[in-house]
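Given next are two forms of a protein chain, the same chain in both, each as structure tokens and marked structure 1 or structure 2.
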Structure 1
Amino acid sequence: MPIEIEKLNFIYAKDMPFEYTALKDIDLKLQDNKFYALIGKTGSGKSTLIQHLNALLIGSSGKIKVNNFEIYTDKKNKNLKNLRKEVGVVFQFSEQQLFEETVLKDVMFGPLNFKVSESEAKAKAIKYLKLVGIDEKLFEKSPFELSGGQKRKVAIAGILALEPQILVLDEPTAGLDPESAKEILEIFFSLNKTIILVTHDFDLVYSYADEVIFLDNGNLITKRETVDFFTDDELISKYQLELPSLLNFQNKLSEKGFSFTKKHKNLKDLIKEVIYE
């Protein structure tokens, strides 16, 4: 298990008038090389939870293990720099963190900070800039000359260049057009890593996630396979969740007499079954 969380609690402003419990006895186990979606309404505890995975926040009580690192809630933690190399976090509007003179230097910064040689840092930067689709002719340009989508890709390349084993994506497609959002998610989907996607976009969740982790008011409500989650009518109704567009479309086709062997997670497979039914 790359991530094991046991009875994790987190309290903001503890013992003060505005004390607020953001996480309540969270028990969670995440496996290697699976794509998870972490969902819930604003204030449900999503951002608080992901900040515990690389010790940006330390729990008020409970246990956390990330790969071979144990994050203590009751004593001083060591080797946090190495932990943060293992857990790469792509924050919302990550392009706002770009700062170097050139695109290449910006992506090299992280590896250099972890004491790799300049030649190795450059090789990693080139590798991941190409992976995210940044043309070589842009490598020596200022990142501030790029388009919004290109800036986002450069910021993502900077995280990937650290070669983390776990990727936490906090609304990585926020502010992007649908085509750019899909392109970026396809990049992450192709990686052989444990991925945790925080998003409000249920269409992305349905298309890419193996499992859904659902928080509400600081509580872990459920963790289950994506299709099972969205086909639980009682759960969807109780928490007033919207269905993903594709699932809603398939349900409407079913109401019109079409029959399906399963709930499809991509449009191509759905169309194929309709045509060859």
Structure 2
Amino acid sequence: MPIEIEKLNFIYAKDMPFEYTALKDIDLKLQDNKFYALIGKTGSGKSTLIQHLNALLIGSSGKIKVNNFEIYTDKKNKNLKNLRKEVGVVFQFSEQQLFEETVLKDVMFGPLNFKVSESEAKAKAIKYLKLVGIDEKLFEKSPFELSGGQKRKVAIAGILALEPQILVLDEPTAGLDPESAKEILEIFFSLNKTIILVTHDFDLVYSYADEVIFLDNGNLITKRETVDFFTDDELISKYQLELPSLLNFQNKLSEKGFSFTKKHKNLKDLIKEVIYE
């Protein structure tokens, strides 16, 4: 069990008049090498929750264990750097974190902080920059000369280059064109790591995620298998969630008399079954 969260609470601006409980008694267990989608309305506490996974925020009460590294809520934590090497977080608007003179140096910055040698850091930087689709011509440019989407890709490469076991992504594709968004998700998908993806795009959730974690107003409503989640009509109508377009499409086909053996997570499989059955 790499991540175990028990009765986690978090309060912003504690003891101030505008104090706000952003997480309420969260219980969550996540397994290795699975792809999780973390969803919920704006302000439901998604970003707050993921910042607990590498101890950037420390809960007001509760227990967190990541790969046997325990984060204490009641005493000072030590060696957080070891934890942060295991858990890579790509933040919302991650393009703001760039600061080095060149794109390449910026991606090398993370590995160098974790005591990777200069040459190895460079090799990793090149590997992951190429992986996210940054052209070699841009390597020696200043990150401030790139477009918003390119910056985002460089920032993502900066985290990938740390080669963490657990990858946490806060809306990494917001503001990217659909093509790049898909490419980036394919990359995450192919990494074979534990992935926690925060997103509002249910189509992406439906095609890529093994399980869905659903937050509402600081409460964990449910965590379950993706198709299970989207086919729970009661839940979907209670929280007025939009269905993924593929599932919608399959439902419409079923209404018209097509029968399927299962819910398909990508269009190709769906078409195959329609044609060959």
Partner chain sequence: MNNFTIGKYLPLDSFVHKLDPRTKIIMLLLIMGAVFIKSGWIGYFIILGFIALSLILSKIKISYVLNAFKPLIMMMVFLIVINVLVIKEGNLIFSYGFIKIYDKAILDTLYISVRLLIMISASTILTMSSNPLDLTVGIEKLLKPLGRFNFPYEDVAMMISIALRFIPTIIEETQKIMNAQRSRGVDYEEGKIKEKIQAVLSLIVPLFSTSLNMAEDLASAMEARGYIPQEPRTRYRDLKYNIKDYIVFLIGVLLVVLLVWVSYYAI
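Note that this is a predicted model, so its numbers are computed, not measured. The term rigid core refers to the most C-alpha atoms you can superpose between the two forms while keeping them within 1.5 Å. Quick note, the numbers are simply positions in structure 1, starting from 1.
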Which number goes with the form predicted together with the partner chain? 2
Taking the rigid core as reference, does the Cα of residue 150 move 2 Å or more between the two structures? yes
